[in-house]
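Quick setup: one chain, the form predicted alone, written in structure tokens, and binding and motion questions come after.
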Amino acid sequence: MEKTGIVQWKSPSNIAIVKYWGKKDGQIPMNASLSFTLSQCITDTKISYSAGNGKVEFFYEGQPKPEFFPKVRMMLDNLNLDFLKDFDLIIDSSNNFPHSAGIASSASAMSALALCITDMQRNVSNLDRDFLSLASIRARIGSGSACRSVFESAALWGKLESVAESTDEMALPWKSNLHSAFSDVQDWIFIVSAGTKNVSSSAGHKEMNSHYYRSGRIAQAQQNMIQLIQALKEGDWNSFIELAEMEALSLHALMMSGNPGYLLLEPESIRLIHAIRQLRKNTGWPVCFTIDAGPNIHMLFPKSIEEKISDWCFTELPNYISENRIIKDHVGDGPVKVQ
């Protein structure tokens, strides 16, 4: 059994097409969700461990970050892993994209942490189940959407009657269920604001417990999941576009119609939505938008039209190019262990 060591993982964010919004106790989702795993929006987490009594230190980009530590500590406490009591941990984490701006930074952060903890257990003790499945379960404890980030390309999370093996406990890898038309989806993220959003996702999830449209949202998400699974299987971009944009707008409609209601979209967010829809109308290209819980706009399209999209951006949105406010991401291979 190792008494001292280092484990390090880089884990990506993900972009949900059918959104997870609202949860029950134990980080159980109110509805099933399905996401693409990204490749460029990464959290890099390293844990240095040594024999001790459970002390934990946390650093973000090499500096103490007291406001992040409670969530890390809560995740570790809720995992309730006996082997951690015999070690002291120094956790050092960094992002290559803005945190708390609505690009699912908690998904990449908590999946990276879960992968490190599970890898550490593999070194110092033993694992009683598949590595990635166990990491997905643990990532969910830290942040619900994080359980999807441990799998490459795409992941489904939440119990769905039409998918027998689906569960609220962890995500399922979904790459094998994607038509080749969705194997190289590009996700260009327009950074409307890199600042911290004024209402956290945790607060938004909590609001769904008493939301007037709660039952309607559950029914909508279930139906959209069935249709999205079919569209992804058949390579149907037209249906995918309709579902992706419906889900994005429904998510923000739930925020606006809550009690109290709130807005995360900015005027510039709306301008980008109109621009993307107009582009599709004018050209017939398979391009659409989705949005996470923030103001930034994700533009999705197949790689085959990337050059055309790039030319359009230079013409119609030059400030995003000149100010380096586009993250050019795409469906990726999932987390990577740093040797």
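In case it trips you up, residue 1 is the first one in the sequence shown, and so on. Since this is a predicted model, take the numbers as computed values, not measurements.
As for the form predicted in complex with a small molecule, it is not shown, yet the points below apply to it.
Residue-level contacts in the predicted bound form: of 153, 93, 201, 118, one residue has a heavy atom within 4.5 Å of the small molecule, and it is 201.
The stretch in contact with the small molecule in the predicted bound form, judged by heavy atoms within 4.5 Å, is 285-293, chosen from 306-314, 58-66, 285-293, 40-48. Using a 4.5 angstroms threshold between heavy atoms, residue 145 counts as touching the small molecule in the predicted bound form. Heavy atoms of residue 16 reach within 4.5 Å of the small molecule in the predicted bound form, making it an interface residue. Of the heavy atoms in residue 205, some are within 4.5 Å of the small molecule in the predicted bound form. Contact check for residue 251: a heavy atom falls within 4.5 Å of the small molecule in the predicted bound form.
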